[in-house]
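We begin with a single chain expressed as structure tokens, specifically the form predicted alone.
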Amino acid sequence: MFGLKSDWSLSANDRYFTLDDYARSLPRWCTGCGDLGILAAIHRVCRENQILPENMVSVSGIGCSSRLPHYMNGYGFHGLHGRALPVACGVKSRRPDLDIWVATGDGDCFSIGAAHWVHALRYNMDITVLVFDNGIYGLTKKQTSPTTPEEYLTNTHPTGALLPPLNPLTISLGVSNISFVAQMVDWNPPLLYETIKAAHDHKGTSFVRIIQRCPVYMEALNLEMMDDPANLLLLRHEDGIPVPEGVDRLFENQLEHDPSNLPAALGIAADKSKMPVGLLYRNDEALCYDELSSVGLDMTYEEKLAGVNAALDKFSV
């Protein structure tokens, strides 16, 4: 049939969305940047789940990763440095019906936004948090970030970072009421898609750290990780991230890991000998704060006004 997009389905709903329906404007990331692959995976997850574009909200802070809302065809909020998570939690609290995506980076989330990161994990609102971690401040041109390796030379530390890099996985797993912690690399599209899909399908705050290539300021580190598969450890389990057929052959090191085992997840995250990829921890029973904070949204204007007046009356003398 002429005139139809090639990405169509015989069993389409009244409104069927293709990949183009989730894309907006031309990405301005550098050639070879891992952000491009992450964006493509997000678009694909949206297409597969047929998310209504008008029900989708992308929230970000500041950094290369935080340009994501400009490339998503839905509502977007490009916020202040480190403040993506409180904005996202605020949106979810007042509009629990919306599909919330958060794009943040290692500097945006783990440095200036560290307090918001910890508390957002504890709140466990139903949002998908993707951290684009390239181990460097890319947008501001090569400053040390919280995850920069000690031996790497930057503009702020020309002889190498003075402190060991922060471990986002052990910190996240140590937060009470955490419900979903995963890690993936951007250069494995099938696994990246499956990880983001599992994160989106999870009810609660899904925290996904994505090891992301920066070909301009962090090329040496990325090439080392990509060229030697022994650097990676694939986590497998029937309750973990589905591994597409044939993809497992790319991983020399594999481990059967039950994602409900928090102590084991902490041990894997703390092991510096290999970079784990897959689902480290999931708890479907964790409390979701948005279910508590959204109480009263069905109140009428008159009921809200009466409630405010009743509260003010308590201060009458």
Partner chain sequence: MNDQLISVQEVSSAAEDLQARDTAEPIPEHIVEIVSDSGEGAQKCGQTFGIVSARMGNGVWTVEIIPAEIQPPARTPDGASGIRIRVGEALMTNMGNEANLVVAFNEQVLRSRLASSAYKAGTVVLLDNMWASDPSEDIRTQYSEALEEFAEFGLEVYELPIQTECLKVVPDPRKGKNMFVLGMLSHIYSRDTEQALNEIANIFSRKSEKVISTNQDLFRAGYVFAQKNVPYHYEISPSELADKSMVVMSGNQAVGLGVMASGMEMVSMYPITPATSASHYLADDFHLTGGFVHQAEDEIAAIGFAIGASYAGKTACTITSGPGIALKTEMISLASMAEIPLVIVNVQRGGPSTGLPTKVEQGDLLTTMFGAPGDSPKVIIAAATISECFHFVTLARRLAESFRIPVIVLTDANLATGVQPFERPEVTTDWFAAPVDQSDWDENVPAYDWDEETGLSARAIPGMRNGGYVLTGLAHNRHGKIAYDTTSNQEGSDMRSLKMATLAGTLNRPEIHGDADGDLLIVGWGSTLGTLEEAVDVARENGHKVSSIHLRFLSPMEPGLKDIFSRFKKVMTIEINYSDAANAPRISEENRRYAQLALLLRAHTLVDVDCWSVVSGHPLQPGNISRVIMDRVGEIGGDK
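Small disclaimer: the values here were computed from a predicted structure and weren't measured. Numbering follows the first chain given and starts at 1. Superpose the two forms; the largest set of C-alphas matching within 1.5 Å is the rigid core.
Omitted here: the form predicted in complex with the partner chain. The next part is about that form.
Stretch 80 to 88 is the answer when you ask which of 80 to 88, 150 to 158, 240 to 248, 217 to 225 has residues with heavy atoms within 4.5 Å of the partner chain in the model of the complex.
Residue 69 is the only one of 259, 37, 276, 69 with a heavy atom lying within 4.5 Å of the partner chain in the model of the complex. Of the residues 142, 197, 95, 236, just one reaches the partner chain in the model of the complex with a heavy atom at 4.5 Å or closer; this is 95. Looking at residue 57, you'd find a heavy atom of it within 4.5 angstroms of the partner chain in the model of the complex. For the chain shown alone, residue 292 is a contact residue for the partner chain in the model of the complex, at least one non-hydrogen atom being within 4.5 angstroms. By the criterion of a heavy atom within 4.5 Å, residue 165 is excluded from the residues contacting the partner chain in the model of the complex.
Heavy atoms of residue 20 never reach within 4.5 Å of the partner chain in the model of the complex, leaving it off the interface. When contacts are defined as a non-hydrogen atom within 4.5 Å, all of 116, 125 and 297 contact the partner chain in the model of the complex.
Here residue 300 counts as shifted, since its C-alpha moves by at least 2 Å between the shown form and the other one after the core is aligned. Core-superposed comparison between the shown form and the other one: the C-alpha position of residue 25 differs by less than 2 Å.
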